[in-house]
Structure formats: structure tokens, C-alpha cells
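Here you get one chain, nothing else, as C-alpha cells; it is the form predicted on its own.
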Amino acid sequence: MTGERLPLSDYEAIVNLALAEDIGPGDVTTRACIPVEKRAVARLVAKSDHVLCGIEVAKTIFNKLDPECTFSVGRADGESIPAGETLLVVSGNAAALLMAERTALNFLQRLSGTATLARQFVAATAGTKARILDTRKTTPGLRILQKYAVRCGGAFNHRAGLFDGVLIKENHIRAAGGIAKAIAACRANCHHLIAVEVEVATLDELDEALAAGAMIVLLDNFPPQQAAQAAARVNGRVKLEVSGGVTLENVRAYAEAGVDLISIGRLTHSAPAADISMLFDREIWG
């Protein structure tokens, strides 16, 4: 669970774009059949077990369309929610609630799906030293929210973008003329607070990276047995990260191999969406 709250400034532009995309010049169905003065109470209900993420984003969306709407029975991001549980009750203008519905649910379902999958990977590696990380394989424009969802699931973030960490990958190595040259160039041209990480595909490349002064080594698509060999060879001299081919079925084997970090792209690019719906309380329509 997380007590963190993202500032509105981090995601307001994303919300505005999403609403504009869905509503356009107006909701023709709602405009045709819902009186403008009608008020309603809507419940957001979990239809599957999940880890909640995005509740403040959803509230922002409802507030955008009805600044006077009110909320109750709110659950918090990071909570484990059983199927059938009410996540949020929203009271306000009926037309506004209907126009906000899909956009609010899109954020809630996808962010909660990522938080849920992250929690599953964290649980699968409990008791080991390994940390579960995300990657930059995010939906364009949604990275800050998806990385927040990873944290709500109890996992950790890798670098936010290209600007806040050195990760020398295969194409950098080719362009620079080899692992040693790439590492030397990064150490010479980056400030002293930036750790230099390099990706390797073989144990021989691991040895080369260690000799060249890498501070973190990413084992690319190593099977668990080979990752264990790498961990024994490193013997704690640098941090070891593994990425590629990690699943819920084999993540424990990677963690027990002795690696420090396990980065998993599917947390943000392939997490199943949580099943959440919005229902009007017919008995308390205004």
C-alpha cells in the first residue's frame, strides 16, 4: 500500500486530453435523454479482485465535469479490493457523471491492473533480496501514472526516462565500439552521481563490463540458471539486474538466483485491466 498522492499538475493535462477525446463537441446520447437539471448518485464497483490505483484521477475527472459533485465511501490507492466492493460513491449532475464515466473507468481499470500485477510479482519474490522494477515500456503520455501504479503495487521504478540514468544497451555498445569504450565514455562525460549500468548478453560480456568499471550490470534474457552463474561470478561486487522473459511462473527462480533487481516490461505494457463498473443508484435519483 502507498500513502503517496500524485499532485494534480502531474496528470491534469492527460485527463484534459482524455476527456476531450471522448466527449468532443458533446455527448449526443446524454444530451438527448437526460434533463440538464437531473441529479444522480453513482457507485463505482469492483467486479474483480484487484489492487486499487487511480481513485484520485477518477475524482478529478468527475470534478472536471461537475465541480460541485461530492464523494463518499472512497477507498485508497494501494488497497486490495475484493470483487463486489464499492470503491467510490459520486453524487452530482447526472449528465456530468455519464460523460465522465468511461474516461474515469479507463484510468481506474488500467492503473489498477498494473498495480495488481506488480503486487503479484512482489508476492512471488517475498523473502528474497530482489526488487521488482518496471521499465520504459509504457503507454505514450501515461508513464507518470503507470509508474505510480507500479509503486501502488509495492514494486519500484526504474529510470523515469532517458534523462535520469545511464543504461548502455546493445546499440550503444555497437555505436561506441564496444563495452569498454561505452563505459569509459559515460564515466568521462556524466556527473559523479549517475551510476553507469550496462546490458550484457553473455557471461563473457559480464566479465568485460566488470573489468571496465560498470556499477550495475543488466543480464539480458539470461535464464535463471545462467543468472545464478552470473551472481556467483559477481559475488556482490556490483548490482545485478535481470530483464527479459520474466513471468510469474519463473520470477521466484530469478530472485533465488541471487540477482538484486528484476525489471519487467509487462507491468506496464501487458497488465490485464481490472474489471470495474459504474452504476446509478436508481432509488436516489434527484
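These numbers were taken from a predicted model, which means no experiment stands behind them. Residue numbers run from 1 along the displayed sequence.
Only in words, not in the display: the form predicted in complex with another copy of the chain, which the text now covers.
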Exercise for the section: Classify residue 82 as contacting or not contacting another copy of the chain in the model of the complex by the rule of any non-hydrogen atom within 4.5 angstroms, answering yes or no. Expected result: no
Exercise for the section: Check whether residue 236 has any heavy atom within 4.5 Å of a heavy atom of another copy of the chain in the model of the complex, and answer yes or no. Expected result: no
Exercise for the section: May I ask you to check whether residue 129 falls inside a 4.5 Å heavy atom distance of another copy of the chain in the model of the complex? Expected result: no
Handout entry: Proximity of residue 141 to another copy of the chain in the model of the complex, heavy atoms at 4.5 Å
Key = yes
Fill in the blank from the handout: Among 182, 152, 206, 87, just one has a heavy atom within 4.5 Å of another copy of the chain in the model of the complex, namely 182
Handout entry: Non-hydrogen atom within 4.5 angstroms of another copy of the chain in the model of the complex for each of 30, 190 and 272
Key = yes
Practice task
Determine which one of 70-78, 95-103, 118-126, 206-214 lies within 4.5 Å of another copy of the chain in the model of the complex, judging by heavy atom distances; exactly one does.
Solution key: 95-103
Handout entry: Those residues of 141-164 which, in the model of the complex, come within 4.5 Å of another copy of the chain by heavy atom
Key = 141, 142, 143, 144, 151, 156, 157, 158, 159, 160, 161, 162, 163, 164
